[in-house]
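Coming up is one lone chain in C-alpha cells, specifically the form predicted alone.
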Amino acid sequence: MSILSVENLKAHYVTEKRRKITRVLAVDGVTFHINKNEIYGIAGESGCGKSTLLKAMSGLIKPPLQVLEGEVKYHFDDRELDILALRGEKERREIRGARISHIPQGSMSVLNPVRRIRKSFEDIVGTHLGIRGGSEFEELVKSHIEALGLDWNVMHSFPHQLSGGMRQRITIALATILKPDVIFADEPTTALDVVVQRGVVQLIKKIKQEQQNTMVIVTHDLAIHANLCDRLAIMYAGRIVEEANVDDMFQTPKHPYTEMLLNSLPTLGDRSVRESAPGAPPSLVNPPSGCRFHPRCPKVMEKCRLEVPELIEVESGHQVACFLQEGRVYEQTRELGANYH
C-alpha cells in the first residue's frame, strides 16, 4: 500500500534578469510511489535534483523554485492529501511536524545557536501539542530522547557546546518527537566521520523499527543506501533512470549510469584504480536532447541522442529508462509468447 505518490512532477528554478528568463530543470518529469513503512532511497551525483525533489515532496516550494506540472499526494489512513494544493501557512504547519517531518543536511539549519536545546523542543511540542513546559513536557521529551540514547542534560546545552554527531542526533530526535507518518532525510550523515555515521545510521534504523514510519533518504553515499533502504531510485539530470529493490540494484544494475556508479565504489583489498562515468553531468539549464546520459554513455546509440527513453519495468519491481533494456524486454516477451503457444 502506497503512502506517497508522485506523478509527472516538474519542479524548475525560474529566474529573470534583464528581461531574460532562465530555467533550471532540476526535477523534470518524475513519477514513482513510496510504500507504507518502507525506507526509500534516492541517489545520484551532486546537482542531479535529489534535494529539489525532496523539497517538492515536502511542499517546501519557495521562489525561485516553481512546480510547473504534476502531483504529490499522500495517502494517510484518514484522508488523501495533495500537498502542492495547500495554500495557507496554517495548513502547512499542521501537516509538517505532525504527519511529515524533515531531517536536514546540517543540524545548524534547525538549531538556534543562541538558544538552548530545550527551547527547540518546546517550540515543536508547544506548537503541535500545546505543551510548553512542566512535568508533562519533561516526561514526553525525556522518554523520547533517552530511548534514542541521549542524556537529559543535553537539553540545557547550547548547540556550539555539542559535537557534530550529537547535534545531528538532537536534530533526528526533534524530527521524530511527534512520531510522524513520513520522515524525509536530506544527506543525514554529511560531514560526519565514519564512526559517527554508523551511530546515526543505527539511530535511524531504531526509530524506523519502533515508530514504523515511512522514510525517504536522499544521499549520494551508496553505502548508506545499502545499509538502510528497502528500495532505491537513481537520479540523473533531473530524471529517475532506474528504480529497484536495493539488493537487485546492487547485484544486477540495468542502466549504464548505475553500473558506473557501483563500479566506482572501493572494494576492501582491491587496490586497482576505480573508473567512474567520464566527463561531468550536464547543465540543467540546457540539458542534452534524448537520453540525458548519452554524452557520457559508452553504449550510446543514435536513438539515444534523439528520443527520451521511458521508465519501464524490465523485471518484477525493477524499472529502468534505457533503450538497451527495451530490446531485452521485447526478446523476453517474444520468448514468453512462443512458449505459451
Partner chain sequence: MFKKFFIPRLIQYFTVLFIGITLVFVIPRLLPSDPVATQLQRMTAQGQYLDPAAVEELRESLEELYGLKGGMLQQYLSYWKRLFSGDLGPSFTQFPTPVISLIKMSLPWTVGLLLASLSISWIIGTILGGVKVSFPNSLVARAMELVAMGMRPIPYYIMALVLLILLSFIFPIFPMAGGYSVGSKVGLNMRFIKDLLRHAFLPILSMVVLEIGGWFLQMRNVASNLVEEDYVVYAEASGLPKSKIVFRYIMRNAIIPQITGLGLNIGFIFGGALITEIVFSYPGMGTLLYSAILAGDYNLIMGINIFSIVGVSTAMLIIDLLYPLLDPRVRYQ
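If you're wondering where the values come from, they're calculated on a predicted model, not measured in any experiment. Numbering follows the first chain given and starts at 1.
The following text describes the form predicted in complex with its partner chain, which does not appear among the structures shown.
Only one of Lys142, Arg198, Lys206, Arg115 lies close to its partner chain in the model of the complex, with a heavy atom inside 4.5 Å, and it is Arg115. Checked against its partner chain in the model of the complex, the residues His102, His225, His255, Arg169 give one hit for a heavy atom within 4.5 Å, which is His102.
Checking 80 to 88, 243 to 251, 124 to 132, 213 to 221 against its partner chain in the model of the complex, the stretch whose residues place heavy atoms within 4.5 Å of it is 124 to 132.
Remark: none of the three candidate residues (Pro282, Val308 and Phe323) comes within 4.5 Å of its partner chain in the model of the complex, counting heavy atoms only. Contact between Trp152 and its partner chain in the model of the complex is not found at the 4.5 Å heavy atom cutoff. Heavy atoms of His75 never reach within 4.5 Å of its partner chain in the model of the complex, leaving it off the interface. Among heavy atoms of Gln161, some come within 4.5 Å of its partner chain in the model of the complex. Of the heavy atoms in Ser264, none are within 4.5 Å of its partner chain in the model of the complex. Residues of 1 to 27 placing a heavy atom within 4.5 Å of its partner chain in the model of the complex: none. Between Ala237 and Ser107, the Cα spacing is smaller in the model of the complex than in the shown form, differing by no less than 3 Å. A shift of at least 3 angstroms brings the Cα atoms of Gly49 and Met108 nearer to each other in the model of the complex than in the displayed structure.
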